[in-house]
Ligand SMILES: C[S@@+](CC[C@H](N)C(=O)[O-])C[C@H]1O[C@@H](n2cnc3c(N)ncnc32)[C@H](O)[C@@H]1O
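Shown next as structure tokens: one chain only, the form predicted alone.
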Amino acid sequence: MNPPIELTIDKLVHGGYGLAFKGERAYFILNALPGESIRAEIIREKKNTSFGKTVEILHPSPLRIEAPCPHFMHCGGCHLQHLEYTEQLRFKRAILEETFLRIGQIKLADVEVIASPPWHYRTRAQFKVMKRPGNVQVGFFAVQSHRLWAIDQCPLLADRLNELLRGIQAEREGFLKPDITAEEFQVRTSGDESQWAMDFVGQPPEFEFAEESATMVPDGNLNYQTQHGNFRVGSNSFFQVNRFLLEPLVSKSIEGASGSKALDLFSGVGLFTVPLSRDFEQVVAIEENPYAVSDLQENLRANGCANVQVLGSDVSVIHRWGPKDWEDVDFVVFDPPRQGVERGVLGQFVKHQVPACVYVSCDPTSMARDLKILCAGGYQITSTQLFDFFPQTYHFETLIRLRRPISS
């Protein structure tokens, strides 16, 4: 192992890294802030780039605070606990603006930042199990590794999930039984914490605390009650994890939208589909995950949404649409996975001159790339909101509304 290297940090960049240079080599260092002089341990190297973490702070930044979690920079889940929360928001806004300018050649104006309560916001967490003869550990991967770091609590999790974690830790010896094969699992709770579920990969042990609980959902189908509708969410369906910003995200996304026909691309369990059905004559929801489609259909039934057509398919199905399918489409919601939207799908949207859309993304890089295409096709950004869905980490959600000018 190389000895620690002394560096002076220039700025914070995507990933929560402090960026420093020596000669032509770039160093991306965790737990480092702009202006700080540090010693860093290098963990991984590429051709002209090194990645590592701070092991000693020689001259700290005035922005630095003491991380409240004892697992910070051991567990790999958080990146920004050493930075006061208002400064985290400032950093994320700068990253969003820089990414759009660099990748999309788009200068964002008037970015509205919607903050979250900075702790106890997550309704889902995934854990790893490490078994050794006579010993078992439960926790997260350690920072920049696949080693396990055992934890007994996490300040990002809803209180109910920390209760579950304590119960599992108290009975973790059950994982050592020879017929138990589970080596990873997730715990989930509803937004109001009235229900919870555990989902295992492999055969799990039996937990006494779970058998005694009246609020455990045995089939894994949690019910999320929101102002926009009630949603069944199974273990294999995606749902936003921040229980505080879920409703504001939906409200901002569909605000003022109404008309003849709306498309909900990557619709999931129907978080946007259900409220859209109340303001449009028809909604077409497209989702390829069969588990999410099942939840979506149940949610449409439960919320009385009779005007929704569900297509259990990849969104590329729209390449086969004819002119009649595009008639009266007034509005589109894009909520893609991290890799963004296929270029051809965006081309269809531009070709048929749909008047307006919203684009929701957790990845500013793919979002900037996609919006460059839409803006080149005649669309204009009318508003931008940064939703801090993931305090203490470098991740965030972005909501951008676009409209095609009537004269275009």
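From 1 onward, residues are counted along the sequence shown. In this text the structure is predicted, and so the values were computed from the model without any measurement.
One more form of this protein exists, namely the form predicted in complex with the ligand; it is left out here, but the text below deals with it.
For Asp295, no non-hydrogen atom is located within 4.5 Å of the ligand in the predicted bound form, even though that partner is not displayed. In the predicted bound form, none of the heavy atoms of Glu183 sits within 4.5 Å of a heavy atom of the ligand. Under a 4.5 angstroms non-hydrogen atom cutoff, the ligand in the predicted bound form has Pro337 among its neighbouring residues. For Gln126, no non-hydrogen atom is located within 4.5 Å of the ligand in the predicted bound form, even though that partner is not displayed. In summary, the region of this chain contacting the ligand in the predicted bound form, judged by heavy atoms within 4.5 Å and restricted to 90-98, 284-292, 134-142, 172-180, corresponds to 284-292.
With the partner omitted from this view, the residue of Asp330, Asp199, Glu193, Asp314 that lies near the ligand in the predicted bound form is Asp314 [heavy atom within 4.5 Å]. When you look in the predicted bound form, the only residue of Phe280, Tyr121, Phe266, Tyr224 with a non-hydrogen atom within 4.5 Å of the ligand is Phe266.
Along 221-238, a non-hydrogen atom within 4.5 Å of the ligand in the predicted bound form is carried only by Phe238.
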